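Form predicted alone, single chain, as structure tokens, below.
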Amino acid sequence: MSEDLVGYDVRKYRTPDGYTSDIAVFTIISTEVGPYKPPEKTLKLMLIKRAEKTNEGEPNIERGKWALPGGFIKTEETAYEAAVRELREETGIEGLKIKHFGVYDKFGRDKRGWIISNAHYAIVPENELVKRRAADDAAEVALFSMDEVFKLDLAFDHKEIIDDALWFIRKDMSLTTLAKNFLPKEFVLSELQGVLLTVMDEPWLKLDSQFFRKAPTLPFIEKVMKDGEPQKTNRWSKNKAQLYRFNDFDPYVSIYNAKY
């Protein structure tokens, strides 16, 4: 034993009974509303319904309740690696960018003991959702709007985790180019507006006159050009609209540049 461990007794300290990763999986669903109109967009969260029994046939903890995808972290894994694995196992989806946003460690949050959870969020493109499925310990997988989510009987402290995840996705949508994860490579401004409005409540976004005047000046998007000519489409309007795409500009926001 190393001499710096002499006198250290792990039995003096209370250790957690489990270590888990949970993932808030967001997507934006498009709903057609009519010809020459951009589809309505709704932010949705993927949840699993906990099965009545475990794989071993025992009564499942928090059975019948809706929960975030997730599970216990293996000894050879980091919390992030476990989140990637659990997302793949519980939904059949892989290769997505996952972001850690919090740790939930309050004693009593889980009836099984002192269980510490790392919370992450992931953005799932709408077309990837065809792959979603339920794992062995889940009864079903479903998508819910934010209004629907908070009317559900949620497991553990997942209401608090979802509240926090929603705050972080709103912040990241405001301060980064997160919106590009919900858009095709080439898009019209009305599509960008629809995505932003699913999570942001900025007055200038709601007023078409202000949005369509300001949006073309945003430094992180650019017009799609071919042979020096602007590329346009009429998929959402009778008159052709300019196509845009995100460029490599990386926004950097400093609180010290703000005017108070």
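Computed from a prediction, not measured in an experiment: that's the story for all the values here. In this text, residue numbers run from 1 along the sequence as written.
The protein also exists as the form predicted in complex with the DNA; that form is not presented, and the subsequent description refers to it.
- The closest non-hydrogen atom of residue 188 lies within 4.5 Å of the DNA in the predicted bound form.
- Contact annotation for residue 214: at least one heavy atom lies within 4.5 Å of the DNA in the predicted bound form.
- Using a 4.5 angstroms threshold between heavy atoms, residue 38 counts as touching the DNA in the predicted bound form.
- At least one heavy atom of residue 238 is located within 4.5 Å of the DNA in the predicted bound form.
- Contact check for 207, 210 and 242: all three have a heavy atom within 4.5 Å of the DNA in the predicted bound form.
- Just one listed stretch, out of 57 to 65, 22 to 30, 230 to 238, 43 to 51, contacts the DNA in the predicted bound form at the 4.5 Å heavy atom level, and that stretch is 230 to 238.
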